[in-house]
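Taking the form predicted alone, here's one chain by itself in structure tokens.
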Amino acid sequence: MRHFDVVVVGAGPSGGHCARQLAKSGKKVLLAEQHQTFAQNDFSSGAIPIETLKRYNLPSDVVGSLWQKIVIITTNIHQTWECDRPRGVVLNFAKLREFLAQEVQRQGSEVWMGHRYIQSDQENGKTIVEFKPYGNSETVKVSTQVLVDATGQIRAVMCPSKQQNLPYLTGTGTEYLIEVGSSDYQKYAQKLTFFLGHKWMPKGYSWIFPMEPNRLKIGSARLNRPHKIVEKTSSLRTYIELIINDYLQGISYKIIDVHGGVLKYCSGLQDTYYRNNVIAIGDAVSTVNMLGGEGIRHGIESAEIASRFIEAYLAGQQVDFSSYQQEMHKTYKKTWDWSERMGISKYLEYSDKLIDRGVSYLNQLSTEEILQVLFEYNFNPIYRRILPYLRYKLSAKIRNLIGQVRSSFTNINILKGVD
């Protein structure tokens, strides 16, 4: 039986980066992925700040496109913020995961594609992990000192029974990857376009992201809970095709791929972060932000945090991963709890009129401020501007009231004069 210092189950962004970091530090790592190729589950598009590439040493090869403009469209409002230079990238999900896996191999560790996780157990003081290779009736077993659950919302390692009574908030998303003409592509290149409101996507939001030249990703995602106002919704594909036919005005296109997935977020970050020598990372511990739906960047960050604690564990400097859970809560919990509350209000409770009003109010923010809100979840710019805005609205109402009172007195005096 083969032995590894660390076995990482799931070669997504979090699993790949965790394996990459540990392999670089000299650990013997096995990164196992159930799909045979990375093109088989190219189900995500990540729009991230450009600084993320340098922070995690990611090459330009994993970039689908650059962006420097933000557009938010509601049922009745259209707002745009533009930068004078590229401020972010849209990642090519398949190329990102392939790059991370190649990094693991370059450091002398192993990547097993087409190996589905079956189970793990303790045997003679070792953790035995069992996989089933694609097309093979027999399973393969390896032993490890640390087992990492990077299986995303499935949580296959940490929650094999799928019977945890935790407060999960689920969402569903679908994306079309389409090919368009060069002139049509240029209209939507270099900008992230988001759609809010009951027309475009009740209970969630939709988007257009530019990918490689002449390719766009058009998607919709929503929360799987009843809306306070909207009683009936259509399929996700209906809303995607509405964007194509209505907003894109029926441009000529070819569908390259249709993909989708389910998000399972644990309210209040009550996930199981570790059990004995098993540790969970990425979406397996709800690192996706429920307000914006962004997960790739945070999944990589969780892997960065976890790898430090795994190294300390292997060095005998700690007996469990309780410190890891504390660090994760310190990093995410306050912001994620607030984002969760805001997301539920915006997607499940707001009227169309209130959504329009909110986006109209955002027009007061500068481009730098809107980037802080969308990508740093820093809502201080909103709070700083809301008081002057409320004072302005209040003073306007007072002026209007005074005008009405004066008008009433004038009318009374006129009537007295007539008498």
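Heads up: residue numbers just count along the shown sequence, starting at 1. Treat the numbers as computed from the prediction; the structure is a model and nothing was measured.
Omitted here: the form predicted together with a small molecule. The next part is about that form.
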Quiz item: Since the chain is shown here on its own, which stretch among 268 to 276, 304 to 312, 289 to 297, 103 to 111 would lie within 4.5 Å of the small molecule in the predicted bound form, judged by heavy atoms?
Solution: 289 to 297
Quiz item: Hey, in the predicted bound form, is F209 touching the small molecule, heavy atoms inside 4.5 Å?
Solution: yes
Practice problem: Using a 4.5 Å heavy atom cut-off, state whether G343 contacts the small molecule in the predicted bound form. | Solution: no
Self-check item: Interface membership of L362, the small molecule in the predicted bound form, 4.5 Å heavy atom rule
Solution: no
Quiz item: N41 near the small molecule in the predicted bound form, any heavy atom under 4.5 Å?
Solution: yes
Quiz item: Looking at I240, I154, M328, V129, which is the one with a non-hydrogen atom within 4.5 Å of the small molecule in the predicted bound form?
Solution: I154
Quiz item: Among the candidate residues W200, Y176, Y188, Y117, which is the single one with a non-hydrogen atom no more than 4.5 Å from the small molecule in the predicted bound form?
Solution: Y117
